[in-house]
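Encoded as structure tokens, the following chain is the form predicted on its own, with no partner shown.
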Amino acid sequence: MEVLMKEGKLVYVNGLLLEAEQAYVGIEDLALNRGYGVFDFFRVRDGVPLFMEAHLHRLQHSARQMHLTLQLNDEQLSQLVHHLIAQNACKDCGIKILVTGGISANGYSLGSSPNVVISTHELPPQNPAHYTSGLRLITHEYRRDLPAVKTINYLMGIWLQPMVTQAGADDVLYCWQGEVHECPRSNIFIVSRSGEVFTPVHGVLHGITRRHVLNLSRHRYPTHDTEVTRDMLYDAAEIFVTSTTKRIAPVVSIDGDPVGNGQPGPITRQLMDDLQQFEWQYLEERRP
């Protein structure tokens, strides 16, 4: 796959490697004008892209669901990611792959081919308090469009940020007609008073970290991928969220009320350790 090489931090755009300042898509792209596109994001640790196979599989699924014809297969995308990691000396960073709706002739119809952008990003520093003291969530009645697809549409989550700040919270949890769904950028798990682990199955994006935590939890606890109700949420002994960047982060309050004793619980802490070990094993198997 031929690419145009430039000096400095590089971004892949439609077959070219360009300096970040020169990388662009046209102003008539549906991603800019209608918020139409999909993406995926994963971490690079010690030069190894973490769980990239699963993320690329989900990206392909998202593109198909949005009627976007992605010309690159997983092997080609993987080669581009590794090349970009090497060119940008990206030892510990994030990789974002964006697939847009393409240039639209009338501003509404899909373009003939999507634009594909691959970029590296510095990861924000972890806040230790999120893991030792826990997160505070507020709930909001909302159900995402096409929740099984990782689209670029984060309108509601961004619009709610002032309300999250005003409530002294860290994030918002979407609920809909009595069911618990997800946070804008993470999945949620609850631990019942009897020690069973539950995570919503409907109306959510099936996160890669969510999948790993489900598998790890099933080896230790009764674990259910099922409907989760608001009543279960408010009666939980423990709650935690999962995502690519957070991994597992405990939740200590919902709408101002404490979860359990208001501290990260033992099952949450155990799964945090298990996930860390799982990630370490993955890295050990793939380091050069």
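Note that residue numbering begins at 1 and tracks the sequence as displayed. Since the structure is predicted, the reported quantities are computational estimates derived from the model, not experimental observations.
Just so you know, the form predicted in complex with a further copy of the same chain exists too; it's not on screen, but the next bit is about it.
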property	result
Segment assignment from 72-80, 131-139, 104-112, 205-213: heavy atom within 4.5 Å of a further copy of the same chain in the predicted bound form	104-112
is_contact(residue 177, a further copy of the same chain) in the predicted bound form, heavy atom dist at most 4.5 Å	yes
Partner proximity in the predicted bound form: residue 94 to a further copy of the same chain, non-hydrogen atom cutoff 4.5 Å	no
Contact flag, residue 234 vs a further copy of the same chain in the predicted bound form, heavy atom cut 4.5 Å	no
Any non-hydrogen atom of residue 50 within 4.5 angstroms of a further copy of the same chain in the predicted bound form	no
Residue among 167, 148, 155, 201 with a heavy atom within 4.5 Å of a further copy of the same chain in the predicted bound form	155
Sequence-ordered list of residues in 235-261 near a further copy of the same chain in the predicted bound form, where near means a heavy atom within 4.5 Å	none
